[in-house]
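A single chain comes next, written as structure tokens; it is the form predicted alone.
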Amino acid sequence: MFDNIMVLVAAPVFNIQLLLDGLFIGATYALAAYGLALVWGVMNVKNLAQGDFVIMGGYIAWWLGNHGIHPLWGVPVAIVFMFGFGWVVYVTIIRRVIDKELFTSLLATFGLAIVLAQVLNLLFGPEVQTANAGFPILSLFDNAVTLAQIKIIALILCALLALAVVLFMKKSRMGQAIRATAQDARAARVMGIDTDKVYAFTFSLNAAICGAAGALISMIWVIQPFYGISHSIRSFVIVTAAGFGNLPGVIMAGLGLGVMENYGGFVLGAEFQQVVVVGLLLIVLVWRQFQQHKLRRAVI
């Protein structure tokens, strides 16, 4: 560990590589986390299958690439397919547990995550895969830093998708209905809003966002059927740290998580990279609990 720290000190250019890689992958984390924030904030459902939706989107892009279609087309295809898949999941599973206690929805989505991971494993095998986008790799600082063009494209697409979701939530009638339902579902029903349709659309929109994020991840990183749980944990870390309805906070937390995870993997070793994510989740939870306790004491 200390040797790796000394490398970063002796060769500051390595910091640039780690920072850039962390920011690029962190943008996809933020995109997936925003979908979780929607479901959590509107429906009060903690979707433990969030990461598996991401991996499904990744395999869509990878499968298209293996069949002669550029994996970038996997982004719109994943959005459409995962939206429909999310609607089916809502009708068959989520609708039945949305009014139940928290443990019921957690158990249902955890079971869904296990099933999805096993299905992906049976369909595509347990090997780690990546979708080859075929874009060139740029070299900076006398070849000390490499920058794949697909990572820049993925960052731009993440920004455009996030902007599209924000505009949809603010300008469209369904977006306004989603925000009204999130504030007070009972009052929304009194005003004539079909909250069941809103819930179905919200969950489907989350699945579509995850599909797009997964398609981009497959081109700039790696996918594997059982990597879903790690992506779910990342989304929970980001949403817990940023809070609901706080898109700038989600973006900053996502980028920060990507950078810290990248640095942690370099300093501690790749085998401890996931430990950094779980450790950050524990720190965020403890900090949130401390803030709530402090607020209660101030009120009393």
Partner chain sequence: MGVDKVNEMGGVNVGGKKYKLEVKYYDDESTPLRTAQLLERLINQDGVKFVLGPYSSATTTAAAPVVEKYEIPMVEAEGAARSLFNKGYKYTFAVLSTSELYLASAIGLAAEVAEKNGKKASDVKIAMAFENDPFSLDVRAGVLADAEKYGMKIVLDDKMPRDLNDISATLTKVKALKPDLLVISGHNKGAATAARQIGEMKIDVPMIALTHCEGAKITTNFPGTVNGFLCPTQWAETLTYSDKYFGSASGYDKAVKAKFPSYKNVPYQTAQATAAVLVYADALERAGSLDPKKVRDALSATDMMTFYGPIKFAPEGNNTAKPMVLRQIQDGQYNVVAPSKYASHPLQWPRKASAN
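Residue numbers count along the first chain shown, from 1. Everything quoted here is computed from the prediction, not taken from an experiment.
Omitted from view is the form predicted in complex with its partner chain, to which the following refers.
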Handout entry: Full three-residue contact with its partner chain in the predicted complex, heavy atom 4.5 Å, for 44, 179 and 188
Key = no
Handout entry: Contact residue in the predicted complex, from 97, 165, 148, 77 (heavy atom within 4.5 Å of its partner chain)
Key = 148
Problem - Exercise: residue 160 in contact with its partner chain in the predicted complex, heavy atom 4.5 Å - result: no
Problem - Contact flag, residue 227 vs its partner chain in the predicted complex, heavy atom cut 4.5 Å - result: yes
Problem - 4.5 Å heavy atom contact, residue 243 to its partner chain in the predicted complex - result: no
Problem - residue 232 within 4.5 Å of its partner chain in the predicted complex, heavy atoms - result: no
Handout entry: Segment that reaches its partner chain in the predicted complex - one of 200-208, 180-188, 102-110, 217-225, heavy atoms within 4.5 Å
Key = 217-225
Exercise for the section: Would you give me the residues of 37-68 that have any heavy atom within 4.5 Å of its partner chain in the predicted complex, in order from first to last? Expected result: none
